[in-house]
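In the form predicted on its own, a lone chain appears below as structure tokens.
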Amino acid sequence: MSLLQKIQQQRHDLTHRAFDRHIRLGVTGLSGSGKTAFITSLVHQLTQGDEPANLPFFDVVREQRYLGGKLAAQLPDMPRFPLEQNLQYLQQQPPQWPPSTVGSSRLGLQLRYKAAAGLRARLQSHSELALDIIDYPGEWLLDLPLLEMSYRQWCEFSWQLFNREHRTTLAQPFLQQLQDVDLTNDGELYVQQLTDSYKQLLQQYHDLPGAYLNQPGRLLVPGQLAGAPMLQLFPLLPQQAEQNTALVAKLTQHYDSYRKHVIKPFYRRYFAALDRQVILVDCLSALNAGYAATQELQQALRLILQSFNYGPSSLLSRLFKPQISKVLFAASKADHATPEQHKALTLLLQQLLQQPLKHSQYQAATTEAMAIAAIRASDSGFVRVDGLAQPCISGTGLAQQALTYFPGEVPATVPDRALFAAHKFDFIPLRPLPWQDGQALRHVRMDHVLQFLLGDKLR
């Protein structure tokens, strides 16, 4: 983007912020939490699915004041979110989930509506609200806690993590390699070989259910940084990181460069100016993975959310120091459990986020928690078992097998180690339900989501 384009964009943003006609929405979630599906559904509901029957709890639609939404012209500073391609995946036979994000992207919407009352309702035929949505790989999100750690602290943190019960076996080969490391050797080839070994370990953790804290995220999804020297980075053993050697000095330099030139610009660009935020959490997959995984998910969420600024919105804050005034905590993939379990799923989410919720509320942000499915993967109903109605869901498994079953109860609190030892949770991954272009995307509570995030701005 040229200097002139940056100035024009900043002026455009300031004008919209001054008149409160612009919302920058951050969709935050770890890898696999459903960010791509959520953004795809949210945009489709606002542009194609805006019928009262589909969004009954979205006031502006129910009151027939919503005139529609359209995609805004794409700004040149970032790739466009692949909305159309994602919808094509949903139309395949059998339907496919859109692929995970591998780079940053952006999508803008112009929402047009009739004001409900007041001077605008009498003098204007319509009002407009600009909505800006940014997507990025969930792996990059996990780098935010590194801003609060030195290289030595990160090494200690990493090996405490790798020694946990669900991680320690995979870490053994890299541990043995580090025990024989030559701390005086900071040669390019030697450092790259060790980095490759660590990257292999990170990839194994990435594929391991319940291993959430995998840093640095750019080793897994490098984006435009592939091959950059600062990505020659791995955590030495804590006792090694304390020594004043050539290898420690080089890795410390790469770590500091990574924080300065990658993490800080990423935070400023995507998060520092957010107005509202959605935190997506896949609680069910964590339950499937067991006690240690659930504990690590809770830790990852706490570390990540410490990086955000929460507080009420005002004219001055919108112009000069934007803060997140509304936060939606959403348990994704709720349709993988039966509807009567959604309350317990919401309570489980609230306990997982107990400290972050207190943090955001203390800073006067408006918060809400709910169980949602941005794109439905199941139908719910009942079957007769011994003459009694048993709740169930029906859908298609990833291997294309038709399934009708009761997936089990969702605990309303984080289970302790004893319960995990006695009970195996098994919430089965499902394909999205069949969908054709021209139809509204089926969902669970996306109308509640839209009302919470946008309802007050569309009055």
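All of these numbers come straight from a predicted model, not from anything done at the bench. Note that residue numbering begins at 1 and tracks the sequence as displayed.
There is another form of the same protein, the form predicted in complex with ligand GDP; it is not shown, and what comes next is about it.
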{"query": "Partner-facing stretch of 146-154, 191-199, 72-80, 371-379, counted where any non-hydrogen atom is within 4.5 angstroms of ligand GDP in the predicted complex", "finding": "371-379"}
{"query": "Interface residue in the predicted complex among 266, 97, 291, 162, criterion: non-hydrogen atom within 4.5 angstroms of ligand GDP", "finding": "97"}
{"query": "In the predicted complex, the residue from 60, 410, 42, 30 that sits within 4.5 Å of ligand GDP by heavy atoms", "finding": "30"}
{"query": "4.5 angstroms heavy atom contact with ligand GDP in the predicted complex for residue 34", "finding": "yes"}
{"query": "Contact label in the predicted complex: residue 326 to ligand GDP, heavy atom within 4.5 Å", "finding": "no"}
{"query": "4.5 angstroms heavy atom contact with ligand GDP in the predicted complex for residue 335", "finding": "yes"}
{"query": "Ligand GDP contact in the predicted complex: residue 101, any heavy atom under 4.5 Å", "finding": "yes"}
